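Just the one chain here, laid out as structure tokens, in the form predicted on its own.
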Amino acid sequence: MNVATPHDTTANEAQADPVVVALMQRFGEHAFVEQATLIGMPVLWVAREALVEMLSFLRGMPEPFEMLFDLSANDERLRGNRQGLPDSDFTVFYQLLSVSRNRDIMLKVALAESDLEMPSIVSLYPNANWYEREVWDMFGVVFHGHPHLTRILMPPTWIGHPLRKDHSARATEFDPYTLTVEGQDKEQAALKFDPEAWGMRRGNENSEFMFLNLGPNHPSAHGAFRIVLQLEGEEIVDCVPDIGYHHRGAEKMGERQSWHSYIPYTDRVDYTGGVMNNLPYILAVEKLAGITVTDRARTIRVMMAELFRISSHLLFLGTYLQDLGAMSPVFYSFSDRQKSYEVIEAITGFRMHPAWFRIGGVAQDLPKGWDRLMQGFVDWMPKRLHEYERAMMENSIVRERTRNVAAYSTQEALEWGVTGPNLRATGCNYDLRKKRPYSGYENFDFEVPLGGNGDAFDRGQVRIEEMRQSLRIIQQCIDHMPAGDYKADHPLTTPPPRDKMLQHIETLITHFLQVSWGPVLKPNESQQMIEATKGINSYYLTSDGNTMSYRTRIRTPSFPHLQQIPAVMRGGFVPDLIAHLGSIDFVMADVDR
């Protein structure tokens, strides 16, 4: 088992890595420059001309890097601390994940501002399609060979590339917004779907195809999501997902908020996940700060994260079955979800968005009686899950609507960047809580539920089983909650207790600076991946020695999950698409950020 550690990945360590050794043997020791980071994987700067060949080598080696986990960029022009790194105005990075090796590797390519061009890798990794579009949209990097390089998160009429450092970040930095009748007509025309631009025909020898907009206001679209269907009768010939209606610049906001004050913004990414969204961010910050968290704080985090996993899965289950035409389940699941929120509110003071985790621990200690409340919920849920299974998943109509519908294999899931329950429904036993334990998960006894067919039914069944395992983890937290402090005693990011602050002037100064200005973290890069409610979520942070992040990259699971829809649904039918959309379990804030 390869557990990510918080120390630097030095050049010597990277050279000892068998994958790096294999790359040296194949391409020579001068083919890349190694970067020491806190990311926890080899980070190699490679020449643009060698990128595709190197990725092909990693894709085809024994125990290959089957998944393009993330692809994004960084505007380096204002970064002051780049000692030892290649000259670069913009950097494009590729993070590859090998399930068979349980390892990652990151390749970086340096670009000059006057030459923002890259080769597309869609032929190697099909899920690179949307990631390359996002990099073009946000940074203006052109990918040659891309099948359809257009805006993806911003409107087609947008001017500029928002994640560049010279692009405005706040509404007050823009001219006042006005929309004339002429401007409205222009925006409406830009939204009109052009089949030919996507390589689609308007008909065949026998019939004329119909193009139908599903969303962005349809209830089964689960948010502001539009998917344009090319239909022959009820059969889906092809489809084009259209995202970005919920985009609000979550990564850009990270450049304007202190390390502490950005925590509430993470709650709003997967807004059904609550503190689960705080966890990868604060773990990445703690790597940068060199903080070791107490056992009590780690256990509290696990307990609350798993409680939110149950809450999120209950929301999924009710709306999923509602999409299939069952009206009652959503009322039952929301009633049980309310019971989880009563416990969450009693402990954190909030419900959906508590923003309760802190750098170094949690906001406050568990209140008196927390164990009684939590135990009541743990005792209540098992019989409810049994009832859901009996009345819903064993229902013949549900089975007919979901068995063998929108099925895909493990290989196809990895090619499209699918993670979490949707990957495990194919039978792939890959859960970061087991494979790369974080926050103390290695101390808990639980199983990883798996499916076998990778269809819509298995995706629902796996989540019911996951709720049972989450209850099992929470019970262990109740029974074995460690004593001690709920946050680390670390002056860099944890404000001193108020009673000490009122007695010592040095402590008062430290407290004032931490609250008003925030901590200053040394220049470095760190990343943390976690098994979130909908799949693997990660935060990749770049510190330039300031009170805020220089670059905050959020890799969400729902983004690649929606990209896979056309590959799964071609040749299917509209009712099957509705069942598939419900079985994915996504929220658009998690897609669009």
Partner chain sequence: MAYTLTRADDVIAADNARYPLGERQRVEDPLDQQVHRSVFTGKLEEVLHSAVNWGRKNSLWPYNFGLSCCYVEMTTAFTAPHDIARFGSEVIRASPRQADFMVIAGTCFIKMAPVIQQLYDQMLEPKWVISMGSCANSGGMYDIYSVVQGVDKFLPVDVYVPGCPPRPEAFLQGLQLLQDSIQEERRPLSWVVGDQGVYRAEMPSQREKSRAQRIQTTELRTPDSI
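What you see is a predicted model; the values in this text were computed from it and never measured. Numbering follows the first chain given and starts at 1.
Unshown form predicted in complex with the partner chain; subsequent notes refer to it.
- Proximity to the partner chain in the predicted complex, taken as heavy atoms within 4.5 Å, picks out 258-266 from the listed stretches 201-209, 258-266, 411-419, 121-129.
- For a residue to qualify, one of its non-hydrogen atoms must sit within 4.5 Å of the partner chain in the predicted complex; none of 326, 388 and 432 qualifies.
- The partner chain is not shown here, and in the predicted complex it never comes within 4.5 Å of any heavy atom of residue 445.
- Using a 4.5 angstroms threshold between heavy atoms, residue 253 counts as touching the partner chain in the predicted complex.
- Using a 4.5 angstroms limit between non-hydrogen atoms, residue 495 is distant from the partner chain in the predicted complex.
- Shown alone here, residue 139 lies farther than 4.5 Å from the partner chain in the predicted complex, counting heavy atoms only.
- Of the candidates 93, 245, 90, 377, 245 is the one whose heavy atoms come within 4.5 Å of the partner chain in the predicted complex; the others do not.
- Put simply, of 178, 292, 503, 114 only one has a heavy atom within 4.5 Å of the partner chain in the predicted complex, and it is 178.
- Although the partner chain is not shown here, in the predicted complex the stretch 183-201 places heavy atoms of 184, 187, 188, 191 within 4.5 Å of it, in sequence order.
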